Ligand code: ADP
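First, one chain by itself in structure tokens, the form predicted alone.
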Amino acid sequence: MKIFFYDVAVPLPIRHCFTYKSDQLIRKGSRIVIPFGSRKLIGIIVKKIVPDEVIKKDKSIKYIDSVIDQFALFENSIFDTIIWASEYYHHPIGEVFQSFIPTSLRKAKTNIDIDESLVNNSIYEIEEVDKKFGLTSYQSKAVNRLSNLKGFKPALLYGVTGSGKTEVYLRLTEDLIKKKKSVLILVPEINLTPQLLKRFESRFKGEIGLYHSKQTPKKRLNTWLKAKFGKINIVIGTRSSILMPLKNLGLIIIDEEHDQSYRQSDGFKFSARDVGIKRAQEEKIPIILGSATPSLQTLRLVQEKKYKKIDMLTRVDGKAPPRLITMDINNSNMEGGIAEETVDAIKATLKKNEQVLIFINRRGFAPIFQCGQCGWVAECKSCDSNLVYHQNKNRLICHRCESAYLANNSCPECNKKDFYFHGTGTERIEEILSNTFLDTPIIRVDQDSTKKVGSMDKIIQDINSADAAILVGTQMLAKGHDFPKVTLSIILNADNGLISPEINALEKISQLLIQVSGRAGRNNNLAKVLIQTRYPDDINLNKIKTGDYLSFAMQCLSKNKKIGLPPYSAMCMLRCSSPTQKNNINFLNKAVRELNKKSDLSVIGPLPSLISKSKGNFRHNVYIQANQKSQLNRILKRLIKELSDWPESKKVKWTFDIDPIEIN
């Protein structure tokens, strides 16, 4: 009997594969059941190996118990992308595989029945009535240029807000569907999927797949299987769908490519945009990165002519973009973070039967709940953060670990019942406006108001059916939505971005302000955006308010190049957490000593994270910067081999965060 030997990835935080044997020839990417200590685990075949004599004689090598499926979960291009991601992000291979497997397949040990409902070819008909509006000259040029891309061709579709990027996506998808090819479209937020799905369903008569984490495991598995076996050829999803196994994939579209929601910050830390680019390279297909505020990384690659750039510089309705106006609030009368002048502007807009959008990037009622007598402040027991008061639930909630406590009736320090609320969140803004504008609908859009299934659909419906109304929300309100009746956008807490200690703060705040401004004036030349600020003379704010994002971004690029910051250098954070600060410091100090032996590295730390404690663990970081990514990767690979053997590493949880977005 012939015996085959395999490297197998296990779903554990272990950075190497394990050798198993079988009398079956098994395809790489297949799920198998293996004995692992006293447990049975579901592993993934990474490769068949040619054993040397030592392995052949090793009696401890265990047999694979069974092969679960009659097909491999991952075809070559996706499989190779996962291997690349594990190496690039320096993350355990088994956990990387797990990240791109539907939840049901991570646990199920039974075979999947492949019936006719999965393997029948998809059929799509084009609803020509939905194409009643012609393309603008910019849209037409974009469709022509993008449809002619062949092979691996990354392209930036730079379109100002309201320029009609979605229509370009629809036309390109139509062209590929007619050629019997598939298309994968990513959006940064789950709450953007209903609107985009509706647009695609209006254009294509046929099943369109939807894939995101708020779906039931059964629905996600169903979409995944239908995509894999050719039942559906169009999938819309969030970052978890980036390696969706579509048959005959012809195009990947990453909408709002700059958005930081494409970055996963817990567990396996990866960028869906960058993984998508790698997948497109493996598939030898084009990938389109759409944005009105492209990331500095993408703009640099355009500069270097590695990416094409297609411009859409006018709105589809021909209207001018809204004016960005800074409002000096240093001497203003304020109520809950809203200036008296801002209230007047809201009144004037509502009188014209138009809508107002108010952006504040903080949910809840107030971020500080404090005793007015002794100064006690409600703090999370597990995190280094204040508890946020949520009035609707009468709860104090930690926005780090989501621990919730009943709001105190009396102070635990002095037993007084004299509490004050400091700061403002979406709930407080909603209450203030409801008391001021008694007959006007106030529609709140944040994580709390959109938790229930279908809640975002209902909110969008309410917004579109209302006349005069006030929309209050966090970033999820500012991203990608089309609100044609909004003629005034108000930004309450822009100053936080201007004075942020983050290295990439200016890139973030400029993108945010332009994106929020893009929600206003889709059908109105007189639309405007008010930015409340205590820094009206800030040089960067005055550049941003011109509305010329590209010009400001190019200045940021030039500055970063001069001082050697990303995207002109490679950056990594060695992140460490444990129940004691001492263990973190000991481990990271030892790592720093090793890294400092490399004279061509910049190493800073160890330093506590901005939120120094989260979920009961202290958090510390070491900042590592190199001139080239290849250089950084080589150094980290060697460092990992040493770190894993240190006694200090057994007392902490450590990870590498490659190309981090939180850089304080």
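So that there is no doubt, residue numbering starts at 1 and follows the sequence shown. These numbers come from a predicted model, not from an experiment.
Same protein, other form: the form predicted in complex with ligand ADP, not shown, and the subject of what follows.
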**Message:** Considering non-hydrogen atoms and a 4.5 Å limit, which listed residue (339, 565, 135, 243) is close to ligand ADP in the predicted bound form?
**Reply:** 135
**Message:** Quick check on this chain: which one of 274, 538, 446, 167 has a heavy atom within 4.5 Å of ligand ADP in the predicted bound form?
**Reply:** 167
**Message:** residue 349 versus ligand ADP, in the predicted bound form: is there a non-hydrogen atom within 4.5 Å?
**Reply:** no
**Message:** How about residue 162 - does it come within 4.5 Å of ligand ADP in the predicted bound form, if we only consider non-hydrogen atoms?
**Reply:** yes
**Prompt:** Contact between residue 482 and ligand ADP in the predicted bound form at 4.5 Å, heavy atoms?
**Reply:** yes
**Prompt:** Looking in the predicted bound form, any heavy atom of residue 199 within 4.5 Å of ligand ADP?
**Reply:** yes
**Prompt:** Which one, 422 to 430, 278 to 286, 154 to 162, 330 to 338, holds residues whose non-hydrogen atoms are within 4.5 Å of ligand ADP in the predicted bound form?
**Reply:** 154 to 162
